[in-house]
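Shown next as structure tokens: one chain only, the form predicted on its own.
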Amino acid sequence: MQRKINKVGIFWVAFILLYTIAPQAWGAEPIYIALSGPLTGTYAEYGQNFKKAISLGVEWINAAGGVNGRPIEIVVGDSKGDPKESAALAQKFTSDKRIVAEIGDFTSTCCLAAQPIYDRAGMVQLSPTSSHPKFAPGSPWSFGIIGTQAGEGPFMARFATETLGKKKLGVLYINNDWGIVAKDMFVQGAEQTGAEIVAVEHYFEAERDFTGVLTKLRGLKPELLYICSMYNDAALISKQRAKLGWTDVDVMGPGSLYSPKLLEIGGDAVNGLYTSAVFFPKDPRPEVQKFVQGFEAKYQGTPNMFAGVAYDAINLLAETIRKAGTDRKAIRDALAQTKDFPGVTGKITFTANGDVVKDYRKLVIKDGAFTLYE
């Protein structure tokens, strides 16, 4: 009996060792891809979703044999949502000859700060979430897969004016690169539908007391308030608006608000808020359900849109490297030719500028949950 147990034990030890060293036994080093994102700080929830989704994608890619017989390995950097940190990571990543491409960063401001460094070094900068219309066109090495505010802004404007029938609109935006362009694209789109913009106000990133600006906006009596911000600010703005008793206004914002954290922080104050998404976990497509079920099993939580675009980013890069190899320029050239890549956030086809055109889903928060707007 002891001899049989030993034989079984030896078999499993051998299997585990083979599985562990198999990628190296295939005769090649790992393929290194960098990830830059806010793993700590104000936008940590977004960055953590990046990391989780990419880790899951890499796990599945490697389990299926890697890319051309080589495993993928992710080199992770925490930008903290700080443009200076993002630029410093770009210097670090581009100087590492092992790294063939980069995924990130999260905010358009961080992406734009790092862009000249990736451009000079000749390394792909693939952002899952930068929606600034000037990002991808700013360098032949930069690509964005979430769509731009040039597309989402007018879509949300039509949602507000044509779908909801609101004609007097107020706008509150964060005063940074992304916030300014998100505001501009929404305002232009709304004005083209004949709506009246009764007020446009801004705030700075460090602000946490929105009582004054909300009181000013309330006095101008908009029928709908469009908030260009991230989930954390929008949750605080909504709670302070409710505390003021300003409840006779509809609230809307871009897809940056689509996060479980908005529900967690905002509570009842965010019920009825309208937003958009390029990814919805109840989408019945097989690729979506495979991702959602795998994510939930691994992390005990449902993936949001930001996890979805990050998952698409790693799978798109893996497929591109499978076709083009690991030369940095070859990856860029092949990526630029991407057409109808089947992502969980929809098909990905790059324009000549390195952007994609996305189809957006209308969402509304009902009873503390995001639901499709019917």
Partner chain sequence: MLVPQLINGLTQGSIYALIAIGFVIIFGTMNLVTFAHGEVYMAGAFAGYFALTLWQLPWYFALAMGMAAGWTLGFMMEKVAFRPLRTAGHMPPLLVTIGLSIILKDLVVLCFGAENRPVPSVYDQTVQVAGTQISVLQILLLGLAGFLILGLRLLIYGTKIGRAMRATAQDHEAAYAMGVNVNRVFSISFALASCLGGAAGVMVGMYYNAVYATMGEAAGLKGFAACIFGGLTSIPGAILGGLIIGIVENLTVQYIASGYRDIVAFLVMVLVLVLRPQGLLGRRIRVV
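Fair warning: this is a prediction, and the values are worked out from it, not measured in the lab. Numbering follows the first chain given and starts at 1.
There is another form of the same protein, the form predicted together with its partner chain; it is not shown, and what comes next is about it.
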Worksheet item: Using heavy atoms and a 4.5 Å limit, would one call Tyr258 a contact residue for its partner chain in the predicted complex?
Response: no
Worksheet item: Is Asp119 close enough to touch its partner chain in the predicted complex, meaning at least one heavy atom pair within 4.5 Å?
Response: no
Discussion item. How about Val187 - does it come within 4.5 Å of its partner chain in the predicted complex, if we only consider non-hydrogen atoms?
Written reply: no
Worksheet entry | Partner proximity in the predicted complex: Arg208 to its partner chain, non-hydrogen atom cutoff 4.5 Å | yes
Fill in: Heavy atom distance at most 4.5 Å to its partner chain in the predicted complex, all of Pro284, Lys290 and Tyr360
no
Practice prompt. Sort through 163-171, 239-247, 293-301, 127-135 and report the only stretch with a non-hydrogen atom within 4.5 Å of its partner chain in the predicted complex.
Written response: 239-247
Item to complete: Would you kindly say which of Asp78, Glu201, Asp82, Glu223 lies with a heavy atom within 4.5 Å of its partner chain in the predicted complex?
Response: Glu201
Worksheet, complete the sentence: Answer key, its partner chain contact in the predicted complex at 4.5 Å (heavy atoms) among Ala87, Val213, Leu263, Ala195: the residue is Val213
